[in-house]
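Heads up, the chain below is alone and in the form predicted on its own; it's given as structure tokens.
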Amino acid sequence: MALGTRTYQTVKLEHEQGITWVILNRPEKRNAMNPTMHFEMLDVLDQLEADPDTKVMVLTGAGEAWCGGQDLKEFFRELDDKPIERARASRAAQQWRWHRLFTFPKPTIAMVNGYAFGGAFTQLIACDFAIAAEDAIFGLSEVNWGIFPGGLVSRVLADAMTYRDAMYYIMTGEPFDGRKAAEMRLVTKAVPRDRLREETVQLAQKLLDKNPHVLRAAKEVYKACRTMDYWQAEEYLAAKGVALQHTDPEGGRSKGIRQFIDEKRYRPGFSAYSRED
């Protein structure tokens, strides 16, 4: 089945000039994640990774929410006495929200259009960028119903929030808005709701102008090096640089240097080389 004709129960796909919008589509449940969504999102990411028309992926939600976290009824209560189903759903949840999304080879943007609670923080932080509506509401509400932020939430928070901010919101369960999320650097920026899509498209278009092979390598090396010591990182970056030069079909490094030094056509600190050359 072609990607354009593939349909899902809990996810919608829209395509626009190199941008694929992945829309969590359970608006009546504030896009809370049930097992079906987890399995479908695994398939979505597999399809989009191989899709030549998908250059940038935007993850957002239908209706008034981005994602309300795990569905308390379908993911928790209904699976409490079904250990096999619980294990499968939990594995799929972790795979798409972190292992697959964090390492997705194309740029990813979280467009946070509304409520983002609990388990939603995993995929929020896995995305390369996050743009939120100023009035979007975030919350780590688990403490209010008898658990702590589980899955990978407590771990990924350490990558995106300061110790004091994370401890405050984990232990109080107090919500905060998009402005506060931007102030804490949990999201890249917060903008008025009526400009949210426009700002997201502008960022996506900036990324569409870049060499996609270099973008992939750039995100891979940064994410990998964060857990290396300096000696490991030095060796890894050197090897990765050589590999990129030999595998980039655009020959970006030689093209960019030629256009800058020999042809004096652009300034690398302010714009990208011409990929049309």
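Quick note: we count residues from 1 along the sequence shown, nothing fancier. Given the structure is predicted, the values throughout are model-derived calculations rather than measurements.
Just so it is clear, the following notes concern the form predicted in complex with acetyl coenzyme *A, a form of the same protein that is not shown.
Note on the interface: of 110-118, 128-136, 170-178, 84-92, the segment with non-hydrogen atoms within 4.5 angstroms of acetyl coenzyme *A in the predicted complex is 110-118.
In the predicted complex, no heavy atom of residue 219 sits within 4.5 Å of acetyl coenzyme *A.
Interface membership of residue 30, defined by any non-hydrogen atom within 4.5 Å of acetyl coenzyme *A in the predicted complex, is confirmed.
Though the partner is left out of this view, residue 145 does reach within 4.5 Å of acetyl coenzyme *A in the predicted complex, counting heavy atoms only.
At the 4.5 Å threshold, heavy atoms of residue 234 stay clear of acetyl coenzyme *A in the predicted complex, well away from it.
The partner is absent here; in the predicted complex, the one residue of 73, 155, 193, 189 having a heavy atom within 4.5 Å of acetyl coenzyme *A is 73. Note on contacts: among 43, 64, 250, 49, the single residue with a heavy atom within 4.5 Å of acetyl coenzyme *A in the predicted complex is 64.
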